[in-house]
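Below sits a lone chain in structure tokens, taken as the form predicted alone.
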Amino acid sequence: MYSFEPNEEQKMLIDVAKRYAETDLRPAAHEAEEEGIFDPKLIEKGWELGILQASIPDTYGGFGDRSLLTSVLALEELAVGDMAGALSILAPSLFVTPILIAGTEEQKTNWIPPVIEAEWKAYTAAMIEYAYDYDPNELKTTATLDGDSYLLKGEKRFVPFADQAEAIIVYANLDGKTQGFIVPKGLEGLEVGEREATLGTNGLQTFSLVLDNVKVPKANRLGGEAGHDFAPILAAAQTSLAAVAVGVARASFEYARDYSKERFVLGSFIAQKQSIAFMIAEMAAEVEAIRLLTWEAAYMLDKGEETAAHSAYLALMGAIDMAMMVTDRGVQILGGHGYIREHPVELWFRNGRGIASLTGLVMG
């Protein structure tokens, strides 16, 4: 039986994430979007909340057992503050979480503690490819066995903090299966491209990545020589991104709702106009529906249920459409004010449009 009441630990994490999102992320979001970077001190403050560390066993330097449900609750709150900020703070989870899910004991012991035991450091992952038929289960980037190493060849896009990353998990096609490979910085053939300019989330620094026969040891294959099942990693990414979408949509809905209660036009507040009231009601219903679907997917993944991956996929597919609809209506409800940067709904609209493209940019 599902419980929709967070436990005490989850409530505490939600509370600190919410306060940080309201008092730190939201006020800094506009400047970060315009300047293309968040203040590193702000990212460090968010890192010190311990959201990732709370899902890492103390054996590897954390202080809790992994819970995707706990992660998505915190992710949602951070994304209400700002999507780019949330993705920046938790970029190291792209590296740590797959190792925790699928890595060997040696990989967990060697790679996880250096990431989480001190200040925020750039560790990341490269999954997304710039192709019209991009499918994380059928990647164009390839891995080829070469003696006691693998050769990685291909191109990746939207790789957070690739220019300063200490190590990157690169996903590649090995004999028809998607596998992750731990790639330390400085390897020959690993080339970081120019900083990408995007429609939204410009506070998050992303780069293209070219791999020209990058040689990595067999021991750096995620899961060791036997490899790993990619499905739970993808499902965790899908569920986490759905949580971010819910946060962005919630921000737009709540702002538009409050604005409509204060905006007085032609003798009444616009919230009292039937067309606006219906839009607000539908926005609320859609946000809550996908929110619960996301929670359910996270719960099922934590329990290891057989249909969990299917639920994660449904949560993300629903979140993509929901975020676009809700953030679009947020702009509509503000009218002309929605189109100018004095109000944040236009940024949430641009960020919401990017949800469909960003699977692989967040991992709970």
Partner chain sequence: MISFEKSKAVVQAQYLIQTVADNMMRPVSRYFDEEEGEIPWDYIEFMHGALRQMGSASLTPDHEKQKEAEKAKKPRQAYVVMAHQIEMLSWGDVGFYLCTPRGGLGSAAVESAGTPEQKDKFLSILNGEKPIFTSMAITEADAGSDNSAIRATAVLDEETNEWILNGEKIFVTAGRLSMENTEGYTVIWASLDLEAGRSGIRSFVVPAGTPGFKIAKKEEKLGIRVSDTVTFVLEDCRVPYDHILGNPKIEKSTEGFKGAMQTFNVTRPLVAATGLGVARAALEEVKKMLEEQGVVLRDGLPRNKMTSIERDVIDMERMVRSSWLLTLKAIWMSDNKISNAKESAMSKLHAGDVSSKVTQKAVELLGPMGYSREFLLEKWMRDAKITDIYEGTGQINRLVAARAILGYRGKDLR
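Computed from a predicted model, the values in this text were never measured in an experiment. Positions refer to the first chain, counted from 1.
Omitted from view is the form predicted in complex with the partner chain, to which the following refers.
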| request: May I ask you to state whether Asp24 is within 4.5 Å of the partner chain in the model of the complex, using heavy atom distances? | output: no
| message | Please determine whether Asp133 contacts the partner chain in the model of the complex, using a 4.5 Å cut-off between heavy atoms. | response | yes
| query | Is there a heavy atom of Phe207 no more than 4.5 Å from a heavy atom of the partner chain in the model of the complex? | reply | no
| query | So, in the model of the complex, is Phe253 in contact with the partner chain at a 4.5 angstroms heavy atom limit? | reply | yes
| note | Among 215 to 223, 289 to 297, 116 to 124, 163 to 171, the stretch whose residues bring a heavy atom within 4.5 Å of the partner chain in the model of the complex is 289 to 297
| request: Name the residue from Gln107, Thr141, Ser260, Thr178 that puts a heavy atom within 4.5 Å of the partner chain in the model of the complex. | output: Ser260
| Is every one of Lys41, Ser88 and Lys153 in contact with the partner chain in the model of the complex, taking contact as a heavy atom within 4.5 Å? | no
| query | Which residues in 167 to 202 have a heavy atom within 4.5 Å of the partner chain in the model of the complex? | reply | Ala197, Thr198, Leu199, Gly200, Thr201, Asn202
